[in-house]
Ligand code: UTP
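The chain below stands alone and is given in structure tokens; this is the form predicted alone.
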Amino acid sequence: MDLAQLKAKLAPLGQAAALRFADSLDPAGKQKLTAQLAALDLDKLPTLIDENVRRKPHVPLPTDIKPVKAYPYRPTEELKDLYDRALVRGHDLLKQGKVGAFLVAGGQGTRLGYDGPKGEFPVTPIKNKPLFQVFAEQLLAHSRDAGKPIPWYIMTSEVNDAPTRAFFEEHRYFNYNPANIFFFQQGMLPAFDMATGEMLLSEKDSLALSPDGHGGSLRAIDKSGALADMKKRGVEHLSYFQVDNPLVHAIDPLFLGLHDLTDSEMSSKTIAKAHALEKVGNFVVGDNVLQVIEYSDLPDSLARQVGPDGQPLFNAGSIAIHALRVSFIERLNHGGQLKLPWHRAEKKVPYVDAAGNEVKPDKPNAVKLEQFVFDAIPLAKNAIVYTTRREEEFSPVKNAQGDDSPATCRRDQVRRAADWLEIAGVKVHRASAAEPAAVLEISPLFATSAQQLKSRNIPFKEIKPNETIYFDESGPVRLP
């Protein structure tokens, strides 16, 4: 739409103020603002604002909240046959090219003190590989083992799309075939004035935009053409993971097989919480429906409940690792509107007022809206939860220091490498019960799991204190 068409469109919607400075803008400014507005679903704005800005939607907690019964990490005797079949099924899906990888990578490394996309952040303990390379090597290894390339869908954001593409190009796509990588951008939404519901301007030529939440990734898949690409390639399942967690198994054949054999439309991984009030979502069965309740919404009285064995009853933490059927994503987007609820947040948002002056509010003045991917779980048929281990698959990089920092993540990568080596029959000397006395890094190109490492030829049976050993594609290399 051009400027005249947008003016005609916005006026009856009560949003004419978004173009109050348009006539005074230079051609580049006009193009920028019109492009932002044209990208919005303007016809749906009045309903969105009425339901989520002018009023505060109240979503009551379920009346009956019960702990979820998750599939265990190791199968019980009665589940052994299912797990055996699931592992075979997962590998078959990969060999048939029916699995795609979906990386949510719209974030910046600001909290880490890094000026750029978070996926560029160097994270491994010896080679300092960036997060993007860690995932690329995993997917290359699984593609190699399956004899079939895994399409890789990478969701960026408006702020980091161009730098992310440039980073991949600079590093020759980490040896991934660019034809099998599909970049697309997350959707953006304007902040709305809390009193009037009008879209706020951050500059005369720009809306005050922010990402529409990780749930919006399911909308972006459809709008970007990624969904059509999946269907063209015959991809039936997506392995969903987020960019800040290098321990994640980007592809997990057992998990994918369980997801498929149980006819689940959306499956999720869980870990035991570090403590009752850990700030992660909680998988529960609410009014007989599997769902996630945010840590801030789950009553402390429930979070602290323990069973006869003294263990917490509500102990299934959500870690943003999922498997989704492509047909489910298509169904969620049917009719052109993603069928997920909106979450409302009141924020202090700087804006340009009617006189063109910048205003920095000292109290919340605006509403930002987001959708969360876990809200798709109650809409999925046969949704399941599978238990993984924190030390195996969850050590995100979020903060510059303290918990969830580069230091703790590198520590956890070394710990996992030591655990894998011990499973493979290699003695690893330890500084303490938890801490290996050596620095270790295992490229996914050498092994993507402890079981695969066990099948590899390791030319020694002991790792001595203070050694630094990197396992590249062909085997271990002792470093000075």
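The first residue of the shown sequence is 1; numbering continues from there. Computed from a predicted structure; not experimentally measured. Rigid core here is just the name for the largest C-alpha set that superposes within 1.5 Å across the two forms.
We do not show the form predicted together with the named molecule, though everything after this point is about it.
S.K.: I need to confirm a contact call. Of 288, 401, 357, 110, which residue comes within 4.5 Å of the named molecule in the predicted bound form, counting heavy atoms only?
M.R.: The residue from 288, 401, 357, 110 that makes the contact is 110.
S.K.: Which residue among 265, 137, 244, 205 has a heavy atom within 4.5 angstroms of the named molecule in the predicted bound form?
M.R.: For this set of options, the contacting one is 244.
S.K.: Just checking whether residue 100 would be counted as a contact of the named molecule in the predicted bound form - the rule being heavy atoms within 4.5 angstroms.
M.R.: It does not: once the named molecule is placed as it appears in the predicted bound form, residue 100 has no heavy atom within 4.5 Å of it.
S.K.: Is residue 406 close to the named molecule in the predicted bound form, meaning a heavy atom pair under 4.5 Å apart or at it?
M.R.: Contact check for residue 406: no, nothing within 4.5 Å of the named molecule in the predicted bound form.
S.K.: With a 4.5 Å heavy atom cut-off, would you call residue 190 a contact of the named molecule in the predicted bound form?
M.R.: No, residue 190 stays farther than 4.5 Å from the named molecule in the predicted bound form.
S.K.: Considering only heavy atoms, tell me if residue 212 and the named molecule come within 4.5 Å of each other in the predicted bound form.
M.R.: Contact check for residue 212: yes, within 4.5 Å of the named molecule in the predicted bound form.
S.K.: Which of 102-110, 84-92, 311-319, 293-301 has heavy atoms within 4.5 Å of the named molecule in the predicted bound form?
M.R.: Every other range fails; the passing one is 102-110.
S.K.: So which residues in 121-144, when you check the named molecule in the predicted bound form, have a heavy atom no farther than 4.5 Å from it?
M.R.: Heavy-atom contacts within 4.5 Å come from no residue here.
S.K.: Spell out whether the Cα of residue 390 moves at least 2 Å between this form and the one not shown when the two forms are superposed on their rigid core.
M.R.: False for residue 390: its C-alpha shift is below 2 Å.
S.K.: Taking the rigid core as the reference frame, is the Cα of residue 347 displaced by 2 Å or more between this form and the one not shown?
M.R.: The answer is yes; the displacement is at least 2 Å.
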